[in-house]
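For this one, two forms of the same chain are given in structure tokens, first as structure 1 and then as structure 2.
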Structure 1
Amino acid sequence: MRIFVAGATGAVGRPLVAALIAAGHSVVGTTRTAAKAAIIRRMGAEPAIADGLDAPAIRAAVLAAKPDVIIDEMTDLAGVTDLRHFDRAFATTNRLRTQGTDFLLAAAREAGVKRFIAQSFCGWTYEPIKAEADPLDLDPPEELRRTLDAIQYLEDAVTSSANLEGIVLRYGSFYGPDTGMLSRAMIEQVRRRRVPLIGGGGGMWSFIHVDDAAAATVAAIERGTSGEIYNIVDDEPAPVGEWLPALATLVGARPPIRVPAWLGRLFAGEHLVSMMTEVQASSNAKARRELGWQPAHPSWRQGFAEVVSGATAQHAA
């Protein structure tokens, strides 16, 4: 099939393009800059230079590509580490989730695209039970509200879109080589002990290796059901009090500083205290059952260690 990947040079975009080509698909991938077009060509895909917030450019790129499927992986999160101002850090990404989604959906309908798959997120956005049908957080901390609203907008727009088979994939917290939880910026923060363990660290996080996120996305092209949402996470959710000290050990850092919840609220904000102490993990049972997918990295323990070990070996070479 002909696949249009919006955001082809991002955290999931790169492994996704590679996985699609390996599966025999023809791929057109977007990037905002001409400099990154060469990256897409080297992966074996056709580049299209278009800003996701530029409606005419997106329309022209989609119509020229004539795809069967569009996959929306557009975010603007490279190097984001200041989560104290969460909604500010996610401002452009939230515009991509709202305006950008509308632009892509409109272009998809005009081009006669059959299937539309969009990236969403699971983690802090749920109420205590973690299946896809359960409600998102009905009363999030104020600093998270605009981001949650943007996620809800994207999910509703895609799953209810007329004349399209819309599917949403809620990825867990990303990690991979110099990506997400294991980006150089994040590792540096951990090494400098700037990521404290707040309260009891009981918040449960779900992770996903970017290669596994890509594999699930490929599976959704053929086996996903229109109008459905799938959690794409590994098999072993973990409390912050477990994964954060383990990450510090892996990267050769001292244990994280412990901060009581009241002090965390004062200096970091209610939203970070919630993320560290209250969030709930997600189940991948539906994706396993309906997409025929399972993570090659079933545990963040194995995955974190593999990525850090590979980076260390590369640096030594």
Structure 2
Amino acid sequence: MRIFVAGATGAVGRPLVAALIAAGHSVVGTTRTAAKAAIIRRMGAEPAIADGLDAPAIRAAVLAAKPDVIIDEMTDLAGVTDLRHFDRAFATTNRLRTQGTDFLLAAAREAGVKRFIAQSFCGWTYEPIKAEADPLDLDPPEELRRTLDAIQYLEDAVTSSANLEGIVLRYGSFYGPDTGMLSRAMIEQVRRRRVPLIGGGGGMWSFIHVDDAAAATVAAIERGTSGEIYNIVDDEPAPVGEWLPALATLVGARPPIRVPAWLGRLFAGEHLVSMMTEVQASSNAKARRELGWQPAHPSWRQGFAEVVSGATAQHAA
């Protein structure tokens, strides 16, 4: 099939393009800059240069590509460090998830695209339970409200879109190559004990290796059902109180410093304390059952170890 990947150079875009090519698809991938077009070409795909917030540019790129399927992997999170002001850090990503989704969906309809698959997130968005049918958090900390609204907007627009098959993939927290989660900077922060364990560390995180996210996305082209949402996470959601000390051990650091929740609120904000202490896990049962997909990295434990040893070997070389 002919696949248009919007956001082909990102943390999931790159392994996705590689997986699509390996599966025999022909791929057009977008980037905003001519400089990154070479990355797309090297992967065996055709580059298209367009900003997702520029409606005429996106329309022209989609009409020229004539794809059967569009996959939207656009976020604008590279270089984001100030998570204290979360909604501010996510402002352009939120625009991509609202306006950008509208522009891409309109272009898709005009081009007669059959299927539209969009990236969403399930890292901290759920109320206590965690299957796709359960509601997202209706009352998030104030600092997350606009970001959650944008996620909700994207999901509604895609799954209810007329004249095409809309599917949403709620990825868990990414780790793997080109992700911030296990980047050299993050590893250094953990080594220096600058990533504290806040409160009881009871927040449940659901991780996904970016290669597994890519594989699930390829599976959704063939086997996803129109109008459905799938959680794409590994098999072992874990409390921060478990994965953060395990990561510290992996990188040869002493256990993380413990900080009481009240102090965390003061320095990091209610929303980050909530991510460390309250967020809920997500289940991948539906994706396993309906997409015929299973993660090659079923647990962050072996996935983290693999990535950290790769990064250490690379650093030493």
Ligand SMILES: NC(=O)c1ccc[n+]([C@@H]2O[C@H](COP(=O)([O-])OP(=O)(O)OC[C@H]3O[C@@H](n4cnc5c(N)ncnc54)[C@H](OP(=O)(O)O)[C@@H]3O)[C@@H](O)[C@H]2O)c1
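Small disclaimer: the values here were computed from a predicted structure and weren't measured. Here, rigid core means the biggest group of C-alpha atoms that superpose within 1.5 Å across both forms. Numbers follow structure 1, counted from its first residue as 1.
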{"query": "Form selected (criterion: the form predicted in complex with the ligand)", "finding": "2"}
{"query": "R254: Cα shift of 2 Å or greater between the two structures (core-aligned)", "finding": "yes"}
{"query": "Rigid core fit then A185 CA moved by 2 Å or more between the two structures", "finding": "yes"}
